[in-house]
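A single chain comes next, written as structure tokens; it is the form predicted alone.
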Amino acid sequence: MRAVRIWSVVVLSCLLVVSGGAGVVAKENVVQLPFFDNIPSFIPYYWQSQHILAQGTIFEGLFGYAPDPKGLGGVKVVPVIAERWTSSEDGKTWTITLRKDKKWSNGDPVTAHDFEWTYKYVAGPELPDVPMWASPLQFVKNAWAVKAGAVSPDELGVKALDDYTLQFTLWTPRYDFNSWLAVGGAMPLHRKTVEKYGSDWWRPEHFVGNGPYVPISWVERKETVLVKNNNYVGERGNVDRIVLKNFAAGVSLIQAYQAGELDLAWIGNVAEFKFVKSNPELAKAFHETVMDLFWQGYQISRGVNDVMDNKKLREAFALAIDRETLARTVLGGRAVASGKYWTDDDPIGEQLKAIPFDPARAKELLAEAGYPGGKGLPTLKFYITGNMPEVEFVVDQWKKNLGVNVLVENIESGLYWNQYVWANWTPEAAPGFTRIGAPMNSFEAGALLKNACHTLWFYDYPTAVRKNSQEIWQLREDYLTMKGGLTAADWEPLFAKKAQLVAAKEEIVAREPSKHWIAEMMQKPTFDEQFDEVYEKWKKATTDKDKIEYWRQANRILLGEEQFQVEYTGMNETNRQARRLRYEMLNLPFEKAVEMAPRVLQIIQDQYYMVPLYMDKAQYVLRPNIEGLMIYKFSWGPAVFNFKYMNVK
């Protein structure tokens, strides 16, 4: 029997401070929190759970997130180490002046040189597995060439102009670049520590950070302890020690909360929700917030059958679902119904027209699509993994309101998410549907589309075009191992193909009205410039191995361009229209992009390839004397982060 624990937030432990021979007991504010996933290290730039911890807790960037009850996700981007900044008119040069009072946990000053060194280190080829797509480095001049080892890190487009002035040079306009500087991949590292300890620099015994807290102990898959960084300069609450605990799947956090092992516990299912609401003490500590940076719904399966090319058919299915009943009964009130990608009361959602529940119109659409009462419709499947009661409800709605039987097929989890949900194509999939939950990863203009932009990349084409694109992509993959290219004759068909593609590209550019899209198409080096460079290398190559490799690269360059041209010329007009608006949106500051996002999303939503159903609620119990806890609603959430705003009353 566990001993009765003293409920603990205000004083969980005492430190004996010996001063002048007299013992003094100092109180310490300790908060124990669940951490949703294993913390594999404290390296900020990997797309692992610790990137959330890096954002404002153990590291701070030039910019960061701050609470904003009226903002998307309840947060906003604010300057942290940045004191002031300017962006050039073309959005490619950002000059940032740093605060002079910021320090590392060992007392060293945080300077512009720290950022320059870090970005060159992270961009270097010695770290080939850094996810550049999750980092602002992806937009910095020469970053991709540095990562490939083609140019020196010294040619990266970032430079400390002096101790407290940092300048970025980007290869493409990014008017929202400051928002990118809040993510884990933008955090600085302490150079001396990294150089001294190599790959072990992040371990607590070596760690030097610049955030309000530093790790002092770490047991993988079990527990991490953070304490105040005594050299931190900036706003911070009164919590001295934070204990982050990992729990095995299936363990009730509510029980841990009741046992005094946690000060916050996530509610994991409807049964726990009902238990909490029925318990007077737990009910007092109950909180919930809508996960408005996610949407939950279904998407058309990514196969190559053309039955779902019929928009009226897709719309009929979307209109035949009673979302309110789904959220209230099947999901037990742990979600809010939503027929659009954003909530009604945010600046994007308030401008979106929701998909209604209209079974009468859905039946009409089904008939207009050529399948009255479902007659003549081929067998459709809804692919799921594990237990998905929401899918059972949706399938039942289609049977009830449309007279259509949709088979449910269960797929192994890893295969399901990787191949059936997020893969570009799933040729083996039957016509039908899969579940999807799509979030923002961070605040940047493109993420405002919440991955519904997959409609543009993989759906909104005639199936014949998608199939052709997939076949070209597969051939491009095959060229990774093909043999050939040892003679000049092997290159003759490549030059002929290159000439055809160049001519076709000139026609595309001539008729494309979007200057931003053209800029994307003609980004240097263009495909023909890349081809010529590879050919020059082939001519100088002295081994068969190198000759074959350059010939493969040349083929892959041409196939990549061919795939683009097939998709560009074959896409539906709605796709082309949405892309032009999207490129315009990407060339705006984040706040302006928010205003533009509804126009893009409405076009995407009205194609009914990716259909919103509801948004989850993050539900939890929290000790009443804790305030200022920030809920992380981006992908990987719900979680807690940015602990500097947390206080114990």
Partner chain sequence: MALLKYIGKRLVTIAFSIVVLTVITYCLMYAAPGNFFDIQRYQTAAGGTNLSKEQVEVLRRGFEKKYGLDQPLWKQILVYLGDAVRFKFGPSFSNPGMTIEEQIRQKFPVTLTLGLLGMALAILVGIPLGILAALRRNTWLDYTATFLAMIGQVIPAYVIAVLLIILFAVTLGWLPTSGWGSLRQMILPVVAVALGPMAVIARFMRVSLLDTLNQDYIRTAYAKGGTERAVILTHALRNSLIPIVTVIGPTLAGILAGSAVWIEQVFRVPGIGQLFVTAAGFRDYPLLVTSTFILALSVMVMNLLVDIAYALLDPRIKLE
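All values reported here derive from a predicted model rather than from experimental measurement. Positions refer to the first chain, counted from 1.
Although it is not shown, the form predicted together with the partner chain is what the next lines describe.
| message | Considering non-hydrogen atoms and a 4.5 Å limit, does the partner chain approach E444 in the model of the complex? | response | E444: contacts the partner chain in the model of the complex.
| task | Classify A256 as contacting or not contacting the partner chain in the model of the complex by the rule of any non-hydrogen atom within 4.5 angstroms, answering yes or no. | result | Judged by the heavy-atom cut-off of 4.5 Å, A256 is in contact with the partner chain in the model of the complex.
| task | Find out whether any non-hydrogen atom of K284 is located within 4.5 angstroms of the partner chain in the model of the complex, and reply yes or no. | result | K284: no, not in contact with the partner chain in the model of the complex.
| said: With the partner left out here, check for me: in the model of the complex, does some heavy atom of Y164 sit within 4.5 Å of the partner chain? | reply: No, no contact at 4.5 Å.
| request: Choose from 357-365, 243-251, 508-516, 70-78 the stretch whose residues reach within 4.5 Å of the partner chain in the model of the complex, heavy atoms counted. | output: Heavy atoms within 4.5 Å of the partner chain in the model of the complex occur in 243-251.
| query | With the partner left out here, if you bring back the partner chain in the model of the complex, are R221, N424 and C453 all within 4.5 Å of it by some heavy atom? | reply | Contact check passed for all of R221, N424 and C453.
| said: Under a 4.5 angstroms heavy atom criterion, identify the one residue in K147, R323, K141, K547 near the partner chain in the model of the complex. | reply: By the 4.5 Å heavy-atom cutoff, the listed residue in contact is K147.
| request: Name the single residue among M482, V566, L415, V270 that comes within 4.5 Å of the partner chain in the model of the complex, judging by heavy atoms. | output: Looking at M482, V566, L415, V270 one by one, just L415 meets the 4.5 Å heavy-atom criterion.
| Within 529-568, the residues that have a heavy atom no more than 4.5 Å from the partner chain in the model of the complex | If the 4.5 Å heavy-atom criterion is applied to the partner chain in the model of the complex, 529-568 yields Q530, R556, Q563.
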